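Only one chain is included here, represented as structure tokens and corresponding to the form predicted on its own.
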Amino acid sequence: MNARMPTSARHVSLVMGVTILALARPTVLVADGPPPKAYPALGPLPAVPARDASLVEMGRRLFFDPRISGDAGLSCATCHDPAQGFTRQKNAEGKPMQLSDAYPGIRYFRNTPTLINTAFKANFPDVGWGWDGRMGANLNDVVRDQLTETMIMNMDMRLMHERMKQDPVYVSMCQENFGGECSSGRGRKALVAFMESLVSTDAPFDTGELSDAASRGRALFEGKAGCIRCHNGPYFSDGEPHNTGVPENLDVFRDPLRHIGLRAVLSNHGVPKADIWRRDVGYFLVSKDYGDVGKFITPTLRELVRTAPYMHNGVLGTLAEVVEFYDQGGGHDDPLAYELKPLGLSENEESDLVAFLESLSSRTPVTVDPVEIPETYEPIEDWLGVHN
């Protein structure tokens, strides 16, 4: 229990995921009037130092290789599909997906975030990765977390090490890039290099080719709509947790496997009374401050055209729905969602704001060609010319 909390706040009543407690200290974030402070200016993404092409190629192969999961049943690309904006919008049958898949035998309880522009997450060292910020700020650590996380890839780093050593392609790649034998650590470095190579390229906002509607939308974004208060800087995110009152995705609780997944994460991270929560607690998982229940890290707005559905649980399917949600002042069922106010946008203004949001996506999709990983390969001893 957070030692800063008064005793009266330690007794929390939960009714279908609504936490009733004394108001936490407020964040100044209202939708009308001039911004109370200067925010990081919007602008094109800065240039990213080029990653070594050979190391990126090694990372690309690992990204599509299902052998880096425990049972070799899924790869990074299973949930972060390049053809779907490095997210998972549809399942194998083509049906829409609000919530992510997970390791075979379980299902996840959040929407898959895009990996495009991950290189810029390093600008927020004080807030960790993930919707709730629990994974730290170092991308190598995040990769290790997701590889070893039981519900995600369920991989033992020692096993990954051995599998790489038994594949002559990886043996050659490790020798070329590191001057030595394969290891899981070197594999993670390659995956990081690959992920950091995925950067928006020719978005109309960056090239200065905004339509008239998008230009009007930008004025709304920075003015009347107040979006810039959380979505600022070239990355279009302040990297901080906020509660906008996004409604719960009840599929998390209707599906036993998703509910078990949520309960397991709450328990593993020391959330008090993990068995009785009927909501995704968000940043509270990290802070253990009840005022943070329901807060989620502000996502980037880049590549929105290709990364629907939206919000941490995928409950909003289109940008028009997202704009309408904020125009209504966010959700109203959570007493802690006090940060927003109704915007009073006209229908034309909502359309202009959508046009501006669409201008943040590259005209040329950020994608890569898949790597075909053979199901079998020549034993390493024969490849080396060694005979027993």
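As the structure is a computational prediction, the values presented were derived from the model and not from experiment. When you see a residue number, it is the position in the sequence shown, counting from 1.
Below: the form predicted in complex with a small molecule, not depicted.
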{"property": "Location of the small molecule contact in the predicted complex, chosen stretch of 197-205, 169-177, 267-275, 137-145 [non-hydrogen atom, 4.5 Å]", "result": "137-145"}
{"property": "4.5 Å heavy atom contact, Leu191 to the small molecule in the predicted complex", "result": "yes"}
{"property": "4.5 Å heavy atom contact, Gly185 and the small molecule in the predicted complex", "result": "no"}
{"property": "In the predicted complex, Leu55 touching the small molecule (heavy atom, 4.5 Å)", "result": "no"}
{"property": "4.5 Å heavy atom contact, Arg258 to the small molecule in the predicted complex", "result": "no"}
{"property": "Residue among Met164, Val286, Leu262, Ala102 with a heavy atom within 4.5 Å of the small molecule in the predicted complex", "result": "Ala102"}
{"property": "Contacting member of Thr298, Asn249, Asn232, Gln89, with respect to the small molecule in the predicted complex [4.5 Å, heavy atom]", "result": "Thr298"}
{"property": "In the predicted complex, whether the C-alpha atoms of Ala337 and Pro256 sit closer or farther than here (change of 3 Å or more)", "result": "farther"}
